[in-house]
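What follows are structure tokens for two forms of the same protein chain, given separately as structure 1 and structure 2.
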Structure 1
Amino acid sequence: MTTSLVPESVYLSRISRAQEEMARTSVDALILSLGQDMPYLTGYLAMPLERLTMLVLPKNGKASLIIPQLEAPRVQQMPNVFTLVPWGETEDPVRIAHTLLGNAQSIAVGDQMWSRFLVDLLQHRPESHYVRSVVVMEALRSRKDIAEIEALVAAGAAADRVAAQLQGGLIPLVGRTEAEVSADISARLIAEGHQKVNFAIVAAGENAASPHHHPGDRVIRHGDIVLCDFGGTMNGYCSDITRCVHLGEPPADIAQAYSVLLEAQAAGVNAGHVGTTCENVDAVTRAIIDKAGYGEYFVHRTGHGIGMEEHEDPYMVSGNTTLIAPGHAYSVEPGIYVPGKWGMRLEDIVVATADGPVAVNNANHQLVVLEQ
């Protein structure tokens, strides 16, 4: 059993707020499984297995946590927050959920719940109306409270320390493979206080043009730009940072593009004032990159919300008219990717406050040149 760091009163308050949101959005019941909505409400993280774990929260009344009998000992029981409903190996847990759902018509479904359970539920309840859990949960989870912001700041500071090690030349690059450097960064994230590494992208030279490159056998050489994008989970909250270094003096095209990227990223961070739209944060970075002639090479949105998950609402993307509000936490990470040649990205996590945006990450934003 993992003991929760969060007091029971916080869970009770969150469940009560979720039920208020359900009333506001005409949702009769919320069903959650994998992902962080369930731990946000109960402290319990489901195992990603074929045996169903599901929280059923009706719009009125108490939540039930359906759980495989053999996993019940893992749960920190909080009888005021939820009733434990263990099921045996020969029972059908979806039928139990169906029964608990009673005459609910509109059901909000956890984003990351495996589809197999929803497919099974559809057989039981073909007439119900299904919506995404974000309808209920975004209003809660996207606005971080003080304890959550403190956790994000601490995780960000730990990631900054690893970035400083990279920029200080403490992480050998030349002659190692991307995969080796990725493993090294991962170990350092743990050493700096993360419990879990979520990803450590290391992409050298032409590989940096693939934004989600999988670090491989490519050996890093003098003359490469090396893009490092890494993050982990520390006390339940995520870090995420991207810095690039250049091995030897960068050629003019890279230096010029980086100066544009630096300007665009800083402008994106500064754009995050309460009341502006999320899509405006995206528009601000994109306008600068477009104007400099690199628009076609910026192939992704500007950022994503972050908290208990690396990627969560709100997203900084064209079409998202959500207004930035105090407590929103998100990445600002424009990039420029020239296929077959090189790529670059610069990323900080930002928290919106009434006094303006505050960057969680403070590692050097320049394209640091390393001689190795």
Structure 2
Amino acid sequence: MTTSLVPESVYLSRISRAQEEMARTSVDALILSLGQDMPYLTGYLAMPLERLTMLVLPKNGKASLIIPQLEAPRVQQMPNVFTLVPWGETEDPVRIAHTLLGNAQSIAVGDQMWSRFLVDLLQHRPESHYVRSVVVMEALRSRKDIAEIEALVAAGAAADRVAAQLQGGLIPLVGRTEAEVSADISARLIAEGHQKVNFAIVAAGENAASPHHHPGDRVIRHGDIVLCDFGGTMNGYCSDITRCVHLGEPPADIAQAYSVLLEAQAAGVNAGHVGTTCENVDAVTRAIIDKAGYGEYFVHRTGHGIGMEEHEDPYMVSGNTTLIAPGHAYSVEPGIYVPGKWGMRLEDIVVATADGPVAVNNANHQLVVLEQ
């Protein structure tokens, strides 16, 4: 059985808020399967099976959790939150969902629901209108409550401790492959309290010019800049941090670029005041990098939301006019990447509060020089 750390009252509150949002957006029913929206509302994370698991939440009334009978023992039952509807091997779970949906016309569908189930449902309900679940769920999940923020802070502090080990020279680099260092960082995340490692990018020298480089057999050498971007899941919430170290004194071009990156990242963190737009955070960091002549080498958005998922709303990117609100949690991670030469990125998780933006990560922001 999966046991939730969240009190039942929290799930009841979240479902009530979801139904309020459904009424506001003219959605009659919400259907969720894979992904984090379902556990956000019920505490249950669906396995990615060919057998359907689906939460059906009407605008008015009680939620129902349709689940394969053999999976039912894994569910922490909360009768006040949802009715459990197990289905047997010879039953049609999509027909069950169709029945539970009743007269619903406007149906919000989870982004990660497998198309096979939606296509089957369309055959039962060709007259219904379908929209993405984000119409309902974005307003709920993007604004973290106190308990969620505390979980993000704890996960961030654990990631900081690993970053401090990197910057303190406690993680050997020279003579090891990127893959070996990645595995080392992953083990340290687990040792610091994470239940799962989501990624551990280690990119040395020219490989650091690839923002999502996959650690390989490149041996790290003296004279390299080494970019380390890592994060995991701790008690249901994610960490994400990027720090760079240089093995030996950095050459002038790297030192100069990093000073620009440092300024841009700090400005991006400070820009995230309640009421400003998400795209403004991106614009602030980008303006500093552009002015210094590195604009063409900043090839991605400034940040992404974070919570139960590593990447979720809101996104700090041009064109996103969403206003930053208390409880928004997101990364600020500008980067400069010169193909074939080197790359660098600096990342913190930030939480928006009424008193201003607060960075979750506090590990040294400088380009730490290591002699190994």
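Take the two forms, superpose them, and find the largest set of C-alpha atoms that agree within 1.5 Å; that set is the rigid core. All residue numbers here refer to structure 1's sequence, counted from 1. All figures in this text were calculated on a predicted structure; none of them were measured in a lab.
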| item | value |
| --- | --- |
| Of structures 1 and 2, the form predicted on its own | 2 |
| Residue shift check between the two structures, rigid core fit, residue 217 Cα at least 2 Å | no |
| Residue 286 C-alpha shift between the two structures of 2 Å or more, rigid core reference | no |
| Large Cα move at residue 190 between the two structures, threshold 2 Å, rigid core | no |
| Once the two forms are fitted on their core, CA shift of residue 124 between the two structures in Å | 2.6 |
